[in-house]
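This text opens with one protein chain seen in two forms, each one given by itself as structure tokens under the names structure 1 and structure 2.
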Structure 1
């Protein structure tokens, strides 16, 4: 089993949508900082990939990369994707309970019906209609960054769906340095889909690649709020060196971790 490196793509979605570019609005990280990666936390990440041999001389396997896109200022990525649907169902139940209480309230205790209906509308929130043109979230309600359903008026702050990587291409792919593909997974945090690639570590050099990234903005169409897809691109690089791979714990090749006896 080869070592697997993670590359996190963190996007300031609100600014990226406003500026219509990921330049200056994307921040990349990987877990090879101590092995030579440069530009951590910027849009200029160069991921270091060591060669095809372990330090003890034994042959290593190819390098595996995994990309994880996240949205800055949104619901934490550790929250399962089913959270939005559960919040929508919960507010529906709460609204039905409020409506039932209104219906069964004695006529002389009706109170301000307009205020009650306004509160009921706030409880229900605003539902977003899904479209076939987007790989974004299915029909759901609009949430704020704390995870509460809100009644959206077009100006209130709201959480954005995570960015979606739709393709990886460019020099590193054209020269057959890496072979990216999208894979399915039962992981509920990543919604079951992620991009991964195997890298030929026998060909030292610096190779650029481009990620096609789909963001989503709220758009009012025909009286319904929808998630409108916006396609942008983000570039990054791999730097393959002939230095042998090293286990970060043992500083050598594969083997048991240096855990002291109990």
Structure 2
């Protein structure tokens, strides 16, 4: 059917970074189970694409594929896009008012200044430095998966930026079975950029393709935490079938409508 089809790439980011591979750490889904896609929810997805042709052999339906990368162990992609920046600003404001309270306390009620400073540090969290090379993720401070800033010590659990597909290539592209490209739109999940492809369904067969996926690892560089890009790849397949269009009433050519006589 001439509809847009979705392929979801769900990545266990922490494990993939640790194992330095997407094998066993990527889970693929699509909405083509109805058409016979196989391996849904595994790394071995084969996406079924139903093509059809007219009697003269020309292509009758067009298929559009969209790839959406998601992350396991991250803040859900459904929160507003400015969420992380907003969290960073809010914690700055909280820390400022804490500091104000500290400063305005009478000297004899100072209490334990060290404990207060430690609390202030918790409130402020840890800022991630953005460099030219690592400016990909827009994260301003290190957050946990519930969206709270954390004071990062190199070991705490933290949320990862979602995976980014940076290229789609391989057999299916080389053989001109599909024409992928990255598009921009105000899409909420993928930060405005997504990969999409049109498919030539006139050449049935199974064709492999590779996704280049960029993950990000927290790295201490010159005393600052930065997001270090880590490039990995993930393979998947398209299985294309093509069948002739036919008249639904007659199962062959055009005929009279099956209207019972009055």
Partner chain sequence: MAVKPQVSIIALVDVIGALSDRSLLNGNLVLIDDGSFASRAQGTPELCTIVQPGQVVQWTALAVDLQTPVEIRNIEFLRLQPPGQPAYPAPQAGWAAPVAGAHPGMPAPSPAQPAYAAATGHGPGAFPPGPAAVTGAPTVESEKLDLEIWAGMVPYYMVPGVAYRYRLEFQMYEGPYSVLHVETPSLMRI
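Positions refer to the first chain, counted from 1. It should be emphasised that the depicted structure is a prediction, and the values quoted were computed from it without experimental measurement. Between two forms, the rigid core is defined as the largest C-alpha subset superposing within 1.5 Å.
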Among the two displayed forms of the chain, which is the form predicted in complex with its partner chain?
-> 2
Core-aligned C-alpha movement of residue 246 between the two structures reaching 2 Å = yes
